[in-house]
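In structure tokens, the next block holds one chain alone, the form predicted alone.
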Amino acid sequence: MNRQLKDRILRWVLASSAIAGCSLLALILIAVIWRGHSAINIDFLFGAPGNFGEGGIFYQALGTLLLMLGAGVLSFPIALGSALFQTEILRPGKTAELFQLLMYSLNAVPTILFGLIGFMVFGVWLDIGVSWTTGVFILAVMISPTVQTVMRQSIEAIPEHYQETARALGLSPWQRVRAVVLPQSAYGLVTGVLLGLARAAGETAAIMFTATVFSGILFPETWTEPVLTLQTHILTLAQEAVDPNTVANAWGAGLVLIGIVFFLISLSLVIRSRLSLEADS
């Protein structure tokens, strides 16, 4: 088998893999849009929930955003500090490799385990109970490895001559971080947070028995109250709904949720491209 034939086969395999992945995503989007578009209207998007499966999803969407934003605020300093520690303090070697392996391993932990352990720590030991605060803590811990990985990769992508120039000027490590690392990796920091928020938006197992309820509340008024979320709303309707209109509302809620995820991913790509261009200029 000559080299040209091998290259053609490899290109065909790679192209087939890319087409298969994009086709699967397209099928999912088409199915959600086809089944859920009929439920989308002003009352559905901005109305309060009614009886089972009736009414709007405004408070469910608001609760989802509350958990996402809270998790993003908590995970950002943790992930940034971890990324800076790994890139600016740890020297290349077995310790750094072990630290990176632990981060990758933490990113692969099943989300249901985050929910179980998080509820045991925050809900039981700290006596917060089933509340949106517990959900924020659990999601923050869960998305921190994702955010940290993106931040670390953006910091490591900074050209070495920037660091060498900073050292030649006699800047301390903290001064290098402020003058070089943070400005040059800003696109990665923002992208990491947004991708972490997108992951948090799609999680159900970690919060379904630690932070959310299906009904009985609109919006939490204290730190210890649960919250409505789109994830729990969709899961409950999908399991128990038999009325076609209620099923359509479940698909409509799914369409809104996937719209939030795609918005965050698209925003991260736009911000990444713009900030990277500013950093290179």
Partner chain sequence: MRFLFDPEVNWKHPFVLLTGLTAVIASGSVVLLFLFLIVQSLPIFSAMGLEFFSGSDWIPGESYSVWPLVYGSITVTGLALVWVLPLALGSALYTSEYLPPRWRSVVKATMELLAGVPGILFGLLGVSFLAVWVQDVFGLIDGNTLLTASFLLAGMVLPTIMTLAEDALRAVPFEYREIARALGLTSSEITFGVVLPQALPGVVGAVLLGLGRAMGETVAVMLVIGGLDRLPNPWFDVTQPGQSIPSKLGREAAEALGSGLHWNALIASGLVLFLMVMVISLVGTRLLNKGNKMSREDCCGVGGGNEPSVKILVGKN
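Positions refer to the first chain, counted from 1. No experiment lies behind these values; they were computed from the predicted model shown. Here the rigid core means the biggest group of C-alpha atoms that line up within 1.5 Å when the two forms are laid on top of each other.
Only in words, not in the display: the form predicted together with the partner chain, which the text now covers.
Pick from L106, L126, A157, A186: which residue has any heavy atom within 4.5 angstroms of the partner chain in the predicted complex?
Exactly one listed residue reaches within 4.5 Å, namely L106.
If you check in the predicted complex, is G254 within 4.5 Å of the partner chain, heavy atoms only?
Answer yes; at least one heavy atom of G254 falls within 4.5 Å of the partner chain in the predicted complex.
Does T212 reach the partner chain in the predicted complex, with heavy atoms at most 4.5 Å apart?
Answer no; every heavy atom of T212 is more than 4.5 Å from the partner chain in the predicted complex.
With the partner left out here, check for me: in the predicted complex, does some heavy atom of I265 sit within 4.5 Å of the partner chain?
Yes, I265 is a contact residue.
Residue-level contact is defined here as any heavy atom of the residue lying within 4.5 Å of the partner chain in the predicted complex; does Q231 satisfy this criterion?
Contact check for Q231: yes, within 4.5 Å of the partner chain in the predicted complex.
Should the three residues D43, L62 and L69 be counted as contacting the partner chain in the predicted complex, with contact defined as a heavy atom within 4.5 Å for each?
Zero of three within 4.5 Å in the predicted complex.
What residues, if any, in 188 to 205 have a non-hydrogen atom within 4.5 angstroms of the partner chain in the predicted complex?
Read in sequence order, the residues that approach the partner chain (within 4.5 Å, in the predicted complex) are L195, G202, T204, A205.
After a core superposition, would you say R91 shifts its C-alpha by at least 2 Å between this form and the one not shown?
Superposed on the core, R91 moves its C-alpha less than 2 Å between this form and the one not shown.
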